[in-house]
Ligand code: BGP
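Presented below, as structure tokens, is a lone chain in the form predicted alone.
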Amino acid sequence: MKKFNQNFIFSTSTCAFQIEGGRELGGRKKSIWDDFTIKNFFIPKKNEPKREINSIKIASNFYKKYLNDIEIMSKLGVNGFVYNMDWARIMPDDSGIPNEKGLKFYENLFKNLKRKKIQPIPILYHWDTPIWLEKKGGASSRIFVKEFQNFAKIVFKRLGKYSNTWFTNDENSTFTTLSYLDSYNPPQKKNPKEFWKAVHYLNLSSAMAKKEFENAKKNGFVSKNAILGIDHDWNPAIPYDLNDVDDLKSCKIFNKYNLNLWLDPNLKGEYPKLFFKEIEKMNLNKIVKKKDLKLLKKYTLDLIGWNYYRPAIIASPKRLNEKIDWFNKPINFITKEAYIVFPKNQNYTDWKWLIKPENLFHGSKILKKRYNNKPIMIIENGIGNFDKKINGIVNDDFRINFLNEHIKMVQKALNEGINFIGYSLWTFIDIFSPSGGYRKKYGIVGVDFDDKNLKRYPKSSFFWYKNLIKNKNADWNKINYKKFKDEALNSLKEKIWK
């Protein structure tokens, strides 16, 4: 078995609008998620299976509690921390001049992480467009590219020295499908033309960020060895029937729409043919200029971030006419030539997400082949669930099982020569989830949202991860869960849990 080397990054990940709070502090102004959560505020009754849309004004209060949270990270033993930054905190208006207090917050965060030998791994953008930019057209407007380039330039100049690993965007596919093809998330466009424009401008914005990244290297703001990637939430396709020609064909189509469309432009420097077919159908050919294609080709990215939670079981459209009793209603992703289906004989989370760790391994082989073995880092891998706290801790064996099976697949991939440089679990502490509010628990550190101080508390999974990092070359098929529970109970006396 190949060992995790000393440079392998063991990290946790989280996101500003889901954890940070301080939304009205330090010169920050609103983003689309502030407006959305205020206008659509809804708390369902206890145990009612409806979506919670709660306030993010304070969230987990990372803005004020980050120093203590860094102490917890240090106790955990991670050497990386992935953080989706808040554009609106750094650029609260359209003046082009950064907010010094916002920059100072991130500078202090990164400095204190480094002091604890934890590398900050920043992601510039995660769905959270500043309101002033949304009023000018947001991600489906070309002005987005210009403003993102300026934002990237400012961040690299001021903060570039703190990390050698950066990402531009996070989950463009989920962002655009839920916000531009649908109205589930802000800015609630539900307009196919706006969707395809956003796809292009997000891809182009990453290329322009790479241009600024290279300039920052020349000027000494970023290390010569630093790399810049893009983070994508690809769901590898599994045919509903391995022997059915139509299901196999739909699988190939799904991967084109769920993988190639989102990574080819920034990793290969070119769009797949389907993109041009789709924009032609929409009479949107003019949104792509010749110089755009040259810029995509010139400024390709260095690194693949992969948010792996689940694969997708794919069926051809003919299955909709068959009388199959699905676990959940079939859905399509952009195209109606492929449907994600939910057979009953599978393992699902509380939120009806398919559990298949082995497809992390199978998918990584596809990424290696398609993108010439560019380095890969798992940026998000975790399970959202209803946690039960007993005696001040959560005994989350289900989460340990889930995470443990996935980390074994990363190690298996390393044995196959796949260029994994790190693994970051989702998430560090409990967060506001866009699909489940504060009821959907993801953290390996809990947050008591009923406590005015938002007290942190341990979960068994925290100690599983701590022990994994400490003994990363051990046989993880033999796990003593009781030991992790005992460690959690014993640790309650420590000052970090506050």
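Keep in mind it's a predicted model, so treat the numbers as computed, not measured. Don't overthink the numbering: it's just position in the shown sequence, from 1.
The same protein also has a form predicted in complex with the ligand, omitted here; what follows describes it.
- Taken together, the three residues T12, D128 and W306 lack any non-hydrogen atom within 4.5 angstroms of the ligand in the predicted complex.
- Here is the short version: of N68, S55, N40, S435, the single residue with a heavy atom within 4.5 Å of the ligand in the predicted complex is S435.
- Site annotation in the predicted complex: the residue of K440, K466, R456, K472 reaching within 4.5 Å of the ligand with a heavy atom is K440.
- In the predicted complex, F105 stays away from the ligand, with no heavy atom inside 4.5 Å.
- In the predicted complex, at least one heavy atom of W426 sits within 4.5 Å of the ligand.
- Using a 4.5 angstroms limit between non-hydrogen atoms, W353 touches the ligand in the predicted complex.
- Using a 4.5 Å cutoff between non-hydrogen atoms, E171 counts as a contact of the ligand in the predicted complex.
- Of the candidate stretches 289 to 297, 324 to 332, 163 to 171, 244 to 252, only 163 to 171 contains residues with a heavy atom within 4.5 Å of the ligand in the predicted complex.
- In the predicted complex, just one residue of 366 to 393 lies within 4.5 Å of the ligand by at least one heavy atom: E380.
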